[in-house]
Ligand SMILES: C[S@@+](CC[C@H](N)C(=O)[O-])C[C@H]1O[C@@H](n2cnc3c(N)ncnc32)[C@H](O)[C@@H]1O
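A single chain comes next, written as structure tokens; it is the form predicted on its own.
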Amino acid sequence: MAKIPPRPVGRPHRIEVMTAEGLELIARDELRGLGPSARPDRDGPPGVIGVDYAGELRALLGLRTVQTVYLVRAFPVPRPKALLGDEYFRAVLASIDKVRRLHPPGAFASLFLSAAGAESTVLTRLKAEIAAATGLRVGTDDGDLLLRLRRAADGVGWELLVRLSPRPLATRPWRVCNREGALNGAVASAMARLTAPAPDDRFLNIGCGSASLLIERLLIGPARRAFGCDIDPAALECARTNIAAADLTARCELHPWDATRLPLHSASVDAICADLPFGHLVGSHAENLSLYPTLLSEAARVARPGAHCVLLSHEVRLMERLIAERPEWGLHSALRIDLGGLHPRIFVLERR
């Protein structure tokens, strides 16, 4: 049996990053922010970024605009059965151990193998052997230790992917209060980045809901003032709970303001973010026909010249028409993203 060579010292790890489709450029920029140790591929399937990475794996756990990160190990074998051989199996365990050592003892309790034919005799045995060697139980769904086995892209050999964290990175620890339709943490971080954040920003999150955008903005860096508003008392209470869990209470303000009548001076805000009602879980298209124009006009009033306003909405045609009708807003970009089957746009506006 051919032996798999040990990984040479200093050779980059192969990493695969999953992000929401449409946010690849933002995720690549965040990866490049790790320095020269991270070299993301320029191209790839939608929502997938391959990376040659020579840095500490632990640093990848701090990525905020991605959903999940995997450590990839290639095996030059014709069939998965060969992974049960001594040399290859020890390489499988080495990859798993590399990931487990990034976390405190007890962080992983179960494992799950995602693969075509996962219930076959060979893969059932492989799962059992891994469980016996690691002390983890085999789960029936997405386990703490998530493994993926697939054919290599070139059709030669197989690849094992080990998720770097017990849960997807987009699953935020601060989200202790969840509301239906709450914005994904990774998408919220991407939107906050699109405001071109600066330490002296006065950042406004209108319709703040459970505070995803507000929290993710402050986790990027400080702001002179960060405040959110919502007319729903239950939403504000949920936001307070999440902000406290993120240890940001002293840096946030929450107000029961109507986003169409803000008690703020004109040109007093440097950046605005909002996850607008789509008309699916919240509001309706008929309500949006009157809400959106008023909201855009009020946002233009309080925004200083050059301020960025980043809005997420599924009302694409309505937004495009309203932006075209308002010379005070210039459309910087519109990103189509995939949110579990919905395809809203992130509109990045600049106050003229």
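Computed from a prediction, not measured in an experiment: that's the story for all the values here. Position 1 is the first residue in the sequence shown; the rest follow in order.
There is another form of this protein, the form predicted in complex with the named molecule, and it is not shown here; the text below is about that form.
Checking Leu291, Ala300, Leu318, Leu34 against the named molecule in the predicted bound form, a heavy atom within 4.5 Å turns up for just one residue: Leu291. Residue-level contacts in the predicted bound form: of Ala246, Leu113, Leu276, Leu194, one residue has a heavy atom within 4.5 Å of the named molecule, and it is Leu276.
Residue contact with the named molecule in the predicted bound form: Ala259 places a heavy atom within 4.5 Å of it. Of the heavy atoms in Gly181, some are within 4.5 Å of the named molecule in the predicted bound form. Looking at Asp201, you'd find every heavy atom of it more than 4.5 angstroms from the named molecule in the predicted bound form.
When the named molecule is considered in the predicted bound form, Ala109 lies well away from it, no heavy atom lying within 4.5 Å.
From the list 264-272, 100-108, 145-153, 210-218, the contact stretch for the named molecule in the predicted bound form under a 4.5 Å heavy atom rule is 210-218. Contact residues in stretch 319-352 (any heavy atom within 4.5 Å of the named molecule, taken in the predicted bound form) are absent; none meets the cut-off.
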